[in-house]
Structures are given as structure tokens and as C-alpha cells.
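One chain comes next, on its own, written out as C-alpha cells in the form predicted on its own.
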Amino acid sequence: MSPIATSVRKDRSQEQQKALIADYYGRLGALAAAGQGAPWTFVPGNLTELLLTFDPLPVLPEINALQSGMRKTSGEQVLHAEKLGHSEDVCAYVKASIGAWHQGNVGPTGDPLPKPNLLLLSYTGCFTFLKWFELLRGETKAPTVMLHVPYQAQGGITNEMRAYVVKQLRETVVPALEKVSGKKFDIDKLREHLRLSALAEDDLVRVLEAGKHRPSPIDGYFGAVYYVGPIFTAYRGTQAAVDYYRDSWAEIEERIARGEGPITPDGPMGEQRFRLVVEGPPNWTHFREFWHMFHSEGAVAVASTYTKVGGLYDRGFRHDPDRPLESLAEYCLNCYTNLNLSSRVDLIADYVRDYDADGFVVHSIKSCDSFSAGQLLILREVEKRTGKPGAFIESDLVDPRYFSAANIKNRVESYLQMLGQKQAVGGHA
């Protein structure tokens, strides 16, 4: 394994994403400095376009936690929460959020965060979200509104499910936002945000599906977290997102034309020996080291499920200005976290086939019992359906105590060696 470079390389889109995220936290800091609050909500099933219709900028606590993880500050936040009585088994995102609140409610960039004037819980399959906002409600005394999104237990959306969510949007969520903001709901403004979302989503799909090329011009897991950052946070439904994804696709087209792979933190990726699909979120506290374990061995992620937790756009969904509330409801219902195990198996198996992958990796999260349950079953089922071998590794989201570099490195290298042996014998893994 080649050594990790001392300086970090970024391509144009990564630099643009970094600037967008910095601007986002700067604007949140300005709100906090002015004594203004903001709605807090989550990434899966978020109602960004609806929030922007009332002008407030959303705060996303799991984005704060992962950004803190990448900046090596989440470990202290987690320990602080545990000193307050929260168990080691509690989701590390939750503990980082609680710890950050008790340490002054300062964001990962050092900017203060506005206090919540509304806790908007869009429940899309992660039970932990319920307890998380229950804890934050106790800490902040902020009003809480829950949008209950029916689980796709049968693997699809019914008219009744859609109507149920629309009714809540109309009768509960919109009135709550009107009360908090002091503004009346403007459906034409919502339509415009949805129109911009659809434009950005078109180019995002082009970006992510570029992994089907050989060589892949992107890393669809590690590198793709930069691509999904703006659309996962506060930029969906804005012209800034449209511009970002148009420019990102243009950059990738250039790499495709030149036959180049992705830019890694250590520079341009060399030979792509293994094409992988990845299930599960990344580890954020050792993100660069984790990525290095793969790209230094010639392994590129061509697709991943994590890049779909904010929307399954590659399956055809687009926000629709002609059906504003119905479109928002379908978005929430279609989130990856709201899919049953069978649907998740179908999606991963399709990715393995459609992206011509040599294998797939399940990265399981120790403190994420709600979402990680069933991943061993997913592994076996995808192996059975595709005939491609899978690997199972475990660490955590933002708790640095549970990233065992030596253990993960051994598992990754052993798995890739096995894929290499299969290629040597049969010409294909």
C-alpha cells in the first residue's frame, strides 16, 4: 500500500462544494449572531424546497456531526454526551449532536449555529430520528412537528400512502412553518424551487451514473460524498445547485474524454483493477485513510447506496412543480432509508450488474442498529443473486474509538487479493 500524501488534492467540483458548505455555515452563523432561530431537520426525506419557500435556512444535525467527524472534533463531543449519561451503544451522530449543543452549539466550521425554532422530524425509516429529536426537544424546548412517512413494507407506494403524507403537509407542516416564519405559504414560490431541484437532479444523475464508464471518472462512494453534499444540505431547489451540478458534469465529461479516473486526496487515481459497489455510510473520522485503503490498491467504487439516502433520483424520481405537495410526499416515501430489506437487496444487485462491478462491500456502522440490522442478510442475498463476492467491514460514523485501521486494512486487502486471484484464474472477478 502506497503512503498517504501529506497534502490533500481536490478537483474543481470538490473545491466548489467546499466553498458552498463554507457559505452555508457562514449564513447559519449570521443567523445565530442576529439572534434568529432556524428549523432543524434531517437529510432523508427533508423538505428543503418547502422550507426555502418560507425563507429559513435549515440546520441538519447529522451533517453537522459528519463535518465535525472530518474535522476531528466529534470524538470530544461523543465523550461529552457519554459523560451526560448517554450509552456507548447510542448512535454516534446523536451523541455528537448532544455534545455539540452542550459545548455551546458551535458548528463544525467554528461558526455558531442558530437555535431551533422548530424541530421538523420527517420520519423516513430511521427510528433513531424519533429519539434524537425527543432528546433535542428536551434540551432546546423548541416546538416539534412530525411528518410521519409510511414505511415501504411491501416495496412500493400506494395512493393512500401518498395522500396520507400530503394531508400532513397541508394540515400540519405548512401551518407550523407559517407560524414560525410569520409568512403565508406561497405555492408558486414552492413550484419554482421544485423546478430548480429537478434541473439539478438531472445533472446529479449524470454525475453518479458516470461510474458505468471504464475507467470510471468518479469514485461513486468516497468521491461522491462531495457531489451529494450540496443537494443533501440547503442547496436543493436553488440556482446555486443547478450551477454546481452542471459544472460538475462538465468536469466529468472532460475526464471521460481523456480516459481519466477520479481525483483522490493523494492525487489522480492510477490503474483501476477492481470495480466495487458499496453499501452503508462512510467513516468520517478517518475518511481519507479509509479511502486510501481502496484507491491505493486500485479499487474504485463505481456506485453506492449512501449517495442515495438523500434521494433515489437515478431510479427516475424528480421533484415536480406541477404536483408540488404530491411530489414532496413521493420524495419522502422513496428515500433509501424508507426501503425494506428486499428493495435494498434489489437495488444493490442491480448496481453490481449495471455498473459491471467485480464485487461489493458492506460497511456496517457499530452504533447504527436501526439501519445496519439485516446487512449480513443483504450481503448473502446479493452474493446469491449476482454471483459476485461481498466483503463485510465495520467501524462507526463519527466515534474515532471504533475505527480499527489495522483490522479494516487487513479485511480490505484480503478481499481485494481474493478478487485479484479470481481475475487471474477466470479473467474476471
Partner chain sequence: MDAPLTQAICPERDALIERAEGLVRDTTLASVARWKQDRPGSKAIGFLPPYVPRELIHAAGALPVGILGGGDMEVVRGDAYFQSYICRLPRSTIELGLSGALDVVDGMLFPSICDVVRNLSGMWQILFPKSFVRYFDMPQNFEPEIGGRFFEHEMRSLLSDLGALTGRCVTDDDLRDSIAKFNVNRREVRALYRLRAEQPWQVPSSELYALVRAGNVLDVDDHTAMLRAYRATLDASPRRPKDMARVALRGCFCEQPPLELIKTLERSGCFIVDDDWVLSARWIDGDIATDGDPLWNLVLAFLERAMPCPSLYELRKERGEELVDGVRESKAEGVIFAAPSFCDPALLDQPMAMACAKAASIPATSFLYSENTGQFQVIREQAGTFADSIRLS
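All values reported here derive from a predicted model rather than from experimental measurement. Positions refer to the first chain, counted from 1.
The form predicted together with the partner chain is left out here; the points below concern that form.
Screening Thr73, Thr144, Asn105, Thr109 for any heavy atom within 4.5 Å of the partner chain in the predicted complex leaves a single hit, Thr144. Among the residues Trp249, Phe317, Phe185, Tyr151, the one placing a heavy atom within 4.5 Å of the partner chain in the predicted complex is Tyr151. None of 317 to 325, 292 to 300, 258 to 266, 135 to 143 except one has non-hydrogen atoms within 4.5 angstroms of the partner chain in the predicted complex; the exception is 135 to 143. The candidate spot formed by Glu82, Leu208 and Thr233 is out of contact with the partner chain in the predicted complex: none of the three has a heavy atom within 4.5 Å. In the predicted complex, at least one heavy atom of Phe392 sits within 4.5 Å of the partner chain. Heavy atoms of Glu383 never reach within 4.5 Å of the partner chain in the predicted complex, leaving it off the interface. Although the partner is absent here, Ile365 lies within 4.5 Å of the partner chain in the predicted complex, judged by heavy atoms. In the predicted complex, none of the heavy atoms of Ala33 sits within 4.5 Å of a heavy atom of the partner chain. Contact residues in stretch 193 to 211 (any heavy atom within 4.5 Å of the partner chain, taken in the predicted complex) are absent; none meets the cut-off.
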